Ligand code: GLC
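Presented as structure tokens, the chain that follows is alone, the form predicted on its own.
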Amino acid sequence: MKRKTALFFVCLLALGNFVLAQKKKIGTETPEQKKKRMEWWTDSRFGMFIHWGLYAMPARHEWVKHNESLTDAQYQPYFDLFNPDNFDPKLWAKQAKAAGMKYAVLTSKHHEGFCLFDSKYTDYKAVNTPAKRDLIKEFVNAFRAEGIRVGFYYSLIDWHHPQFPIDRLHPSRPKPESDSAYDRMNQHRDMAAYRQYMRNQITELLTNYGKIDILWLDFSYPGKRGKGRDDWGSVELLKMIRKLQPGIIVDNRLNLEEYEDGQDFETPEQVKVEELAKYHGKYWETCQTFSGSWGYHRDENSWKSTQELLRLLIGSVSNGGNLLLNVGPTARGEFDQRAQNALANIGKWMHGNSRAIYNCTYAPAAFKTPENTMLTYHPASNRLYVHLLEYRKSLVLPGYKGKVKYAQFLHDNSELRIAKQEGEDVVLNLPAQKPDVEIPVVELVLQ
């Protein structure tokens, strides 16, 4: 009898753990339906992030208002003088396409509260600056014309809106901080009023510009003097978004982790390639910068080399995810020359090697990664791509005996002969001179 009782409680405990493990759902979409909806995105693998706003004028970080505790009055000259006279979104789109990017996400509003679009709910927008234009509309039209899918970044945070309660990230946060100081500053601020403003603006973005492929909401920071799902009204907001744009893809920053469908993809930010392996089997996209800043930062000099940028791209795909690579245009509306050079270099590599990026993912477990390489795999064609991070006169493929039908360089389809087989390993001869390719790629046609 005791054994039966014990068994009963073990089963009950197991059932309880199973129930707890089942996340709640907001909608009714099945995993198969989600896979189909996400298919274009997972095939694309490479997109452009664009951080652009008033912060391009001080040119010392997109968080300049926060970092320097600037008041609205101190920030106002940037609004009064914002005039990107060289803004040409058609050129932006051509540069993105030439680099091999398949989608683009532009900041419609960043934390500073300034809107690039013509919102009827605020005067703090581009059409009221010397620019006198709806910059979002021009972006959408230009990128669509190049066959690039479009998305909007929208900041949940707003340091300009008078109803947005001051919190630990706000430029006007009290010093020293105390509960009474925050209460005093927020006594006439109403989060409910701001929440409605936010919903109204997101409705405009998802109604006035045709089909929108991605909505990148940023960001939640729950806890003391922070904001999370209850502040944003995240569940109802996500329902509204999906009703307005049923096919849209939404990021994971609404603080809805307890819901199975509270996000479409994860967003590891500015992480090293080595950290991406833990996302295998998930939908994810790493967002990265050319340098250390998202917005235009004139004097920031930690720019990544072409090799480093390509390693980010290849490393993302080799771990089954996407790379969203950021450009911070200048206050005149142009890509910084350093960014233009980097895009051109990536485009040169992608011209010959994009087959190892698009529609690719991590390699099957049966294939070990050769020394000083990364692997990507194209499931539909059953081809494996070996990215040579260091160039040597031969390539040892560990445990590949009987698995390789043919080998060639990808950039020119020139044959690479099998030199020998040592035990279970296959050894390819490589030319003595490295090809004129930043990271050469060996394409293996598998048995």
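Note that residue numbering begins at 1 and tracks the sequence as displayed. Quantities reported herein were computed from a predicted structural model and do not represent experimental measurements.
From this point on, the text means the form predicted in complex with alpha-D-glucopyranose, which you will not see here.
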{"query": "Contact stretch among 110-118, 68-76, 180-188, 350-358 - heavy atom within 4.5 Å of alpha-D-glucopyranose in the model of the complex", "finding": "110-118"}
{"query": "Listed residue (287, 241, 212, 309) with a non-hydrogen atom within 4.5 angstroms of alpha-D-glucopyranose in the model of the complex", "finding": "287"}
{"query": "Contact assignment for alpha-D-glucopyranose in the model of the complex, among 164, 232, 139, 294, heavy atom within 4.5 Å", "finding": "294"}
{"query": "All of 153, 216 and 269 with a heavy atom within 4.5 Å of alpha-D-glucopyranose in the model of the complex", "finding": "yes"}
{"query": "Contact test in the model of the complex: residue 253 vs alpha-D-glucopyranose, heavy atoms, 4.5 Å", "finding": "yes"}
{"query": "Heavy atom of residue 51 within 4.5 Å of alpha-D-glucopyranose in the model of the complex", "finding": "yes"}
{"query": "Exercise: residue 63 in contact with alpha-D-glucopyranose in the model of the complex, heavy atom 4.5 Å", "finding": "yes"}
